[in-house]
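The chain below stands alone and is given in structure tokens; this is the form predicted alone.
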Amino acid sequence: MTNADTLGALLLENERTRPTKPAIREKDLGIWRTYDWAEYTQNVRDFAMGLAKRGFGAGDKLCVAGNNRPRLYWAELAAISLGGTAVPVYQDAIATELQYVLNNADVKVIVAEDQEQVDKVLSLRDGLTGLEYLVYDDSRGMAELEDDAAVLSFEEVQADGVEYGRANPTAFADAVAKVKSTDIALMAYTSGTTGNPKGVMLSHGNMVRTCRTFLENEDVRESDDLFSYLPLAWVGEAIYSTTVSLMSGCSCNCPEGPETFRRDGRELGATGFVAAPRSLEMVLSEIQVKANDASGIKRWVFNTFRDVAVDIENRKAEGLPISLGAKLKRAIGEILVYGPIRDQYAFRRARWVYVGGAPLGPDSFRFFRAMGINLKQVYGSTEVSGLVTLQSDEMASPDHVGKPCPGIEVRIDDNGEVLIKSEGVFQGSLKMAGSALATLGSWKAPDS
């Protein structure tokens, strides 16, 4: 595991040590496109230099809006490598929500995936106080904006970056070297259910040290393929896809779109990913509907072997012995039911699948475990970089969220509040001096 303590330094280390190893893939027009670490880093470098040529630097904010696309990841890392901060937003955010975040964060540059996101931003242009220019990824529908000097294509910025880089060959590496682990890398906005969203400031050190803790407690390999489909604005995507990939050298894989998620996941066969409870509930609902609509014999086979597997899972959880007959039925079920389900729903190669963000019902949890999927729970929050507790393979259960990871301490105060000491504890909320950190008091880890 690397000792680099900033995201830009991790990127350059991957370029140096594993240049031809696949770093990220995207499904586009039905075809998987692979970028190795050398290509990944060069794309980041070119975009970063294009930003630098236009005056973007330390302390500036760059927003990305859209689905999981390599260029949006590159844009985030370009800004972060220059000492700036990435401010991802939810792609389905309404205009008023988006305007608040962009102005609160003083966003200077927005990188939008497509025409839908561009039109949303342009409808707010007059009310965006700090915005200097907008960059788009997908050029479809952008012809009428060619004469707008404040709207640029991703290719234009990168082309300028290539020119700037030739004239300043060490500029990117010099910028990365100036970034400190205490600098703010990510601004993750909370949902704002009790008021306006709050910009949670996470430093390079928060993200790198949290990810290091995860890697010390989970079997993540350089050869792994992660499925990157969760919203870019969610802290879990930043930690469990971007930072895990940078630190381990494994590959991120972006589906073509939400509607092709299951098909693309099945083609890929991810070895690990983090899932939202709602996604798993939808998968379970579809499985049950298909089983109910099947012919009588197929329905009987599914119900019979499902019950066998669930019963075995329950007995394991209670520490009870498993009979030889049940083991034989389980082996037959693996051929007829469990293996086909894992293959059909993208779990064919998955060694670990974490569910987090909200509780998953116990029956649903046990069903997936019974199907041979190593489903486990993770607990964290945006303010602690997304990680407090993990379940090991041996203690996976719907009844708890596991033990605090080594180096993380948890206690309950007299008012029933959960207090957490961790190197992932955020640097505070933007423009809210003395906010949540005052509550944590001495429980804030040194230099976190």
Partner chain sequence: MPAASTAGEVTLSVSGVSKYFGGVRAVDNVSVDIPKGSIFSIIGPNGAGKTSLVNMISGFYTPNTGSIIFQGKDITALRPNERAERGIARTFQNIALFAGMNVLENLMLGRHIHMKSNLLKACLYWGPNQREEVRHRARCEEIIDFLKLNDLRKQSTGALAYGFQKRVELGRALALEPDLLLLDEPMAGMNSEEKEDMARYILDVNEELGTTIILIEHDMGVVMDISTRIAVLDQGTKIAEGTPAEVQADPAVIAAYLGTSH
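Numbering follows the first chain given and starts at 1. Remember, it's a predicted structure, so these values are computed and weren't measured experimentally.
Form predicted together with its partner chain: not shown, discussed below.
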TODO: Could you tell me which one of 289, 358, 143, 331 places a heavy atom within 4.5 Å of its partner chain in the model of the complex?
DONE: 143
Task: Candidate from 263, 348, 298, 316 lying within 4.5 Å of its partner chain in the model of the complex - any heavy atom - done: 263
- [ ] Sort through 27-35, 40-48, 380-388, 405-413 and report the only stretch with a non-hydrogen atom within 4.5 Å of its partner chain in the model of the complex.
- [x] 27-35
- [ ] Report yes if any heavy atom of residue 256 sits within 4.5 Å of a heavy atom of its partner chain in the model of the complex; otherwise report no.
- [x] yes
